[in-house]
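Here you'll find one protein chain in two forms, each presented separately as structure tokens under the names structure 1 and structure 2.
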Structure 1
């Protein structure tokens, strides 16, 4: 069996210091990976380019919240009840298997995650699926929900439970009352965060694609429920490859290729804001090195959509024949802010000041409490709260009915309307309180890094020798340049080290290597994706020029040392190409 690209890539990643399983000296631990020197630099570059595009250029602000938060935060967000995956336990070998992945790996079904557990149980029985570890038949074995959050205790004892955050978003939502003050209650505004998230995956797999600790880059964009609109002109001509839910449900569903503007006009993408960020993100993916011929946006099916999302699209990259989610774009409505407001003692609303005062009719009640208290006793306050809710949401029933029916604690109370002093009054308003809606682009940094490596991975032959190349974009590459002496003698080594130190002092991420034959040193840099190599040779000592080699073409050109810094700067920023030298 031939080795897959992913298998080769993982081997290169481990050997060249991109990433490897954590604590391998102790047998390793599934779902945790350590990024080595090259991988950490590649990751930082991707994160910084994300900050540049989604934070700086959009005018948003970045925060950093704790990775552990108290239990009430996740009660409010719904994660304690709904943040589950499907698990099936093998009774023979006691392996824990993610049931929807078992179905997807062994059938033609692509999105089993969207199915209820009883349907997944039926598929396992119909298809005679077996345990992936020992081969035991799993027909008739229950499929259960498994909550993915890591639980801990804050402080000694167990009286203050907490959880490692499963997403960075809740750190933003929980602090919204403070952030709205920083934004002076002016919508729209955005808060970003890049940081670790944790999910106790049932069966981590595919190296860093499905892990238990990972990095997210998330933007929570708070907008007016009705008035704020994105500037679609910025992205209206960006062509998208879309895979809508309607096409996924067909036997031979097709991709829809259309511009952002067409997708909005044809209502393929319901939210203008989601469409805007799909356009922005596509340009960014191309910038960091995602192959656009292996990229698509897929709309979530009804059953797989998160509990908070009215609509959601995933950015997916093709890796070894599989489509892997690398980012999600959701319209979360006011779900999160409403839930946190209900569970906390804070107001999550924003007061919108009108340009001019407006006069509105408003329904109100002024109950006769001297009658209501003695009549309804301990239930009087609860009844009053319900009446106030009704007059705000359903004022017409106070005019239509002479008696209102309210139920508490399995008791029914009939309230005479004439005891409530219902009336319509005119009020002058200077503004109104509202809960903002949230648009969320959420990026999986580790998966994007893997996709960038996979889409940059090439094998070719140079001078009769096979080589492996990671053809990173210059902005992403862990290092822009490597400096070599042709040989470490006759002063070439000292001069090469001087050149390398000078480039580092100017801010260039620079590698130095004087070990082995020059061809082998080139191959090492090709394999970690360094775009340019500078070689100091005898001519350097005579005329002050060096050889600059291009990674992709392997062409070489002489450059004056006095011009080297400027040349590398212009190459790195894309102002010139190597052929322009």
Structure 2
């Protein structure tokens, strides 16, 4: 049953203009999909609701960085070195196979992804694993790391490699010196981005779930490492279904159902910031039409966490019996900004101005160099360096001892403290430099779109006829309304076109259809999830009323044309329901 839902969904998606494989006329290209009119509209609606929540309502700002970025950015981020999957190439049929998947699919081992390549080679040899395409024995064949970034050259020649970004986040991190200036050095602030990201998968699969080009919606919330707190009150009562790491490791682990408030108090979620965004996102997922009985938050296991993340939770949706990651929430600490600061020429630190200047005591020395030089000769500067280190790290030694013992090259020097002019001075500080921490909610738009379609997919029977319905929420439905003339004669066609044109001019996404029996036209709109159909009939020409038909109940009501716009607006915004009409 679930298997067949997926097949039916992909068939409807292609036939009705949601999505299909790219360049099918040329035999198709694995891992690339084109969103047709309905899919692109659905995707944009989801993106705009994300903007409404994470830009406008949260007060964050969205930027747009290029999809191609130069090599130094990915040297800093670590992607050049570690963004790899393991590949084994069959010498017989030339198939490229993901070596860790080969192991996981054919043995009891579940975590081959985290093994080094030589261990995976060994398992392939020990278990006599064969090529999944042609059956050739792969024992003794090298397993290599394959970098998943798409590479290209910027400008003529190959001296300036560029890469298609593997995550939109780096386009934000790399530009942080601009954004901190824009934010006038005041934490916290959030920068978001919705855009394409790329992953040159060895074996793309599962329709638009694992593709080579996809859309991410990411928020990088830059916070003070210890002073900033989220406004937990806004989400304290949101109920979460949590699947903590400890439960996953049990034989019969259970979901923990609790409010955001409880999760924070019981320390089920470590980071208050992550807890805040799990609450915000839960409400958002419900709004876009994810079925909350098929939704959970799963904590990453220790070995699964990215190198930069101190804690990480995924939002997962159940699709065809599998739990699919649709977003991730991590505390990335200062990992990324630190890396970029180390690799680039600019400062990624915020200068935090204190409300009042702070006076601090500081130990310092000012050695008598006219004595040190002659006394220690070639070793004088080394000794000075070591003394500077000591005064910073262990100033109390200078107060306790009269002579300091330093060793170099198997020589020992005893330095008399009274030659060093040691003193404690008071210094005034107006602020300090610090690297912000980053909280990252990261959403995979294509997967969310697929989950929304899957969770909205229904089959029922109307007047003895089977129908397929995508019961989208009105806010995400590609079109809010379709207009039909009962027949294209007696002026009904003209009137219906006028009604459609008028709705369009008011900004409603409106379809028009005058072809085939009215029942068939309803079925078409049901399959693309249009909530309301308006029919112009003979009565319309007499009394100015039209039939409005509700997708889910298939009920019909007559509405005055003069009221139509207002009625649709209120239905669309959820102010009234169809049964209120």
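Numbering follows the first chain given and starts at 1. Computed from a predicted model, the values in this text were never measured in an experiment. By rigid core we mean the largest C-alpha set that fits within 1.5 Å across both forms.
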Of structures 1 and 2, the one that is the form predicted together with another copy of the chain = 2
Any CA movement of 2 Å or more for residue 386 between structures 1 and 2, core superposed?
-> yes
Is residue 401 one of the residues whose C-alpha moves 2 Å or more between structures 1 and 2 after the core fit?
-> yes
Cα of residue 411 displaced 2 Å or more between structures 1 and 2, core superposed?
-> yes
Report, to one decimal in Å, how far the Cα of residue 146 moves between structures 1 and 2 once the rigid core is superposed.
-> 2.6
In Å, how far apart are the CA positions of residue 363 between structures 1 and 2 with the rigid core superposed?
-> 4.3
